[in-house]
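Listed next as structure tokens is one chain, alone, in the form predicted on its own.
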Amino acid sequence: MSEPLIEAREVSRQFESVEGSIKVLQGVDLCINPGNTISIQGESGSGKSTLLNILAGLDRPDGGSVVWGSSDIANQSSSKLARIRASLIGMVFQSYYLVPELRALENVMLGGRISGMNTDLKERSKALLEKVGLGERMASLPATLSGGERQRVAIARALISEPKVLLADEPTGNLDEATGDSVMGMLQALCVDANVALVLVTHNTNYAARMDSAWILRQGVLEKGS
């Protein structure tokens, strides 16, 4: 059996508030293997985004560990983590986070440059935008794109570095049902085509059911879904 790409082991995280400590994650275990598709559901504020940030090494757990490959990321410097993350993980967010002054093609290319991938970057970015159905909108600024089109640019940007894992935090949350269905179908197809593992945080039970395994966060505890 192949080595897990990312593994959370007994991860806990709490935040301080005026009312005291809030335990957001409690003893969370999760294993992401190559090509896996995983959904995580839970009420708003249940810690889903916190878990994704910890898996991505953008936040540190208070207890437990996160392992990328065979390396506990707690032992890595921030600069080394950033280098490893660039080739291991792509991220897609509900709010797109495109640079408004950059055209669609430039936004995708920026993702590649941040990851240190400059070889044939323009051509590869064009090819990805063609794949997501935006071949005619490469020169468009984000403000002129629909929500679905912006998310497609964001997905292309996340995949330009050829990551092994895609972490998607409510990628259809700002889209209407028909557009969301279209974007979700495209996202799954792209991940299957490139053998990219997908971790999907979603409120949509239909999308969650499409994944290989479904999980639910309840009061900081990650439980296997039905």
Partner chain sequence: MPWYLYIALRHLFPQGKRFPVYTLMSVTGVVLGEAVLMVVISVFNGFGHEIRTRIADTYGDLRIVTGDLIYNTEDLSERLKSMESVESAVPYAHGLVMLLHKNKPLAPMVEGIDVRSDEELGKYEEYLLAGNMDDFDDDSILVSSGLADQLQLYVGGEVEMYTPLMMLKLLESDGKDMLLPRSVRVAGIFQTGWQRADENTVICTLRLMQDLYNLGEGAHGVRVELNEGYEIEPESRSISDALGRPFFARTWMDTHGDFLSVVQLEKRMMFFLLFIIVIVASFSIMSSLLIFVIRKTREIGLFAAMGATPRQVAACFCYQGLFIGITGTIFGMGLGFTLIHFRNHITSTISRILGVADSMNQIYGFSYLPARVEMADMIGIALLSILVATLAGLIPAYKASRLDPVEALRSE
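Positions refer to the first chain, counted from 1. On a predicted model such as this, the values are computed, not experimentally measured, just so you know.
Omitted here: the form predicted in complex with the partner chain. The next part is about that form.
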item: Heavy atom distance at most 4.5 Å to the partner chain in the predicted complex, all of S78, A86 and L102; value: yes
item: Contact assignment for the partner chain in the predicted complex, among E170, D59, E162, D181, heavy atom within 4.5 Å; value: D59
item: Contact residue in the predicted complex, chosen from A82, A74, M138, M117 - any heavy atom within 4.5 Å of the partner chain; value: A82
item: Partner contact for L110 in the predicted complex: the partner chain, 4.5 angstroms, heavy atom; value: yes
item: 4.5 Å heavy atom contact, T50 and the partner chain in the predicted complex; value: yes
item: Partner proximity in the predicted complex: M91 to the partner chain, non-hydrogen atom cutoff 4.5 Å; value: yes
item: Heavy atom of E106 within 4.5 Å of the partner chain in the predicted complex; value: yes
item: Option from 184 to 192, 25 to 33, 51 to 59, 197 to 205 whose residues, in the predicted complex, bring a heavy atom within 4.5 Å of the partner chain; value: 51 to 59
item: Within 4.5 Å of the partner chain in the predicted complex: residues from 11 to 26 (heavy atom criterion); value: F15
